[in-house]
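Before any questions on binding or motion, here is one chain by itself as structure tokens, the form predicted on its own.
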């Protein structure tokens, strides 16, 4: 790989949230206190150095920003207040934009106004589209059954169509992540057997955030895992059990109990995250990129309108339930379209992939060293 320095890289990362990276003089305190910084992945010092030197391609091929969970201890121990934890966070945003072949991630992260405009436009189109469909084919005073304003079968088909399109974008971007970090560098090329042997790590780290749980500070991990599992649970219920979830007004506890738990998890954890950012109560809340605020506010809005819509339906107010359902969908569609493949929720894929790839990289390097040792004369 050709190594070229780009002096514009530091200024570029500042837009993504990098804080005072030029203050860093590489004392190594940040790396020394990080519980996850172990050979061959020495961070955040090495990543900070790549950024200072303008090594764009080195940074693009780097897995280390994804191996950092921003507990904040590195920033607390930095004698120069160079904010290595926040810089690693900015690198994750920047890498998300590098993986994205459409350029949408770059646009969203570089301009909160464009993200907000995109949300508003998608919300209006969603509301108008579903309202026109609902009034043309059903009755806004009827929530479910024949003649319903927004029948579950129609929403179900829409969900799966959107999921297919968004998953395609995300899978392509995940493929680009593999190419940048594993595929194009001969040093990191691994055999199919190495990938197969480590495949279980994907599910392990996706569902448990196991590495994060090993951090000395358990609070952020607990908040993160509840938020993630609540979102995934709600997504599974909507994608696979929507007719059961929407039927009523009687409560089907077999399905709705999971929905209530997931909604409570979302509302509580998002409220805690928002309050933490307002209060700046922890190091990782000290700095907030605009996209962090937008993401959390949208998630809270979607969870709140969802439970209110559900409550109106169960209490026998189908007209209010349909109006709130429209408001709910006007939040759901922009959040999924923009956040899943192009912004914050994409991290749910990139982090487990990084853990997986890091183990495969270690296996590939060990195999090369072993092969090289065998060729040495006795």
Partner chain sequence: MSKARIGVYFCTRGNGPNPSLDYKALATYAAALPLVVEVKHLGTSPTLDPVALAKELTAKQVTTVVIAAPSPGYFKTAFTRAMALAGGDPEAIRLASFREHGGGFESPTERAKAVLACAVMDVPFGLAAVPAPSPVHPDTLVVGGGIAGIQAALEIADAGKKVYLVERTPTIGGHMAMFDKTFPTLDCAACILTPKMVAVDQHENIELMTWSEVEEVTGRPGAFKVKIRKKARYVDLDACVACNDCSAICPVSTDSEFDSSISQRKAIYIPFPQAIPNAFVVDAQHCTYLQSGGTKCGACVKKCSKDAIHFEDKDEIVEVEVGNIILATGYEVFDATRMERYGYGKLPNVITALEFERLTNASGPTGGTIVMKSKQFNKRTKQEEWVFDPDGPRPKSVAIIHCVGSRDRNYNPYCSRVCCMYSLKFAHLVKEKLQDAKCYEFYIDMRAYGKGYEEFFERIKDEGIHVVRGVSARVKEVDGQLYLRGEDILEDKVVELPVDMVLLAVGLEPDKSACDISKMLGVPRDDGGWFHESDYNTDPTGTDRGGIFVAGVCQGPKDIPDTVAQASAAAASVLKTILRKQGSESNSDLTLATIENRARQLAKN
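Numbering follows the first chain given and starts at 1. No experiment lies behind these values; they were computed from the predicted model shown.
Absent from the display: the form predicted in complex with the partner chain. The rest refers to it.
Asks: With the partner left out here, if you bring back the partner chain in the model of the complex, are 26, 76 and 80 all within 4.5 Å of it by some heavy atom?
Replies: The answer is yes; 26, 76 and 80 each reach the partner chain.
Asks: If we take heavy atoms and a 4.5 Å cut-off, which stretch out of 5 to 13, 353 to 361, 366 to 374, 18 to 26 is in contact with the partner chain in the model of the complex?
Replies: It is 18 to 26 that comes within 4.5 Å of the partner.
Asks: Would you kindly say which of 31, 343, 61, 52 lies with a heavy atom within 4.5 Å of the partner chain in the model of the complex?
Replies: Result of the distance check: 31.
Asks: If you check 56, 347, 313, 45 against the partner chain in the model of the complex, which one has a heavy atom within 4.5 Å?
Replies: Only one option qualifies, and that one is 45.
Asks: Can you tell me if residue 309 lies within 4.5 angstroms of the partner chain in the model of the complex, counting non-hydrogen atoms only?
Replies: Because no heavy atom of residue 309 falls inside 4.5 Å of the partner chain in the model of the complex, the answer is no.
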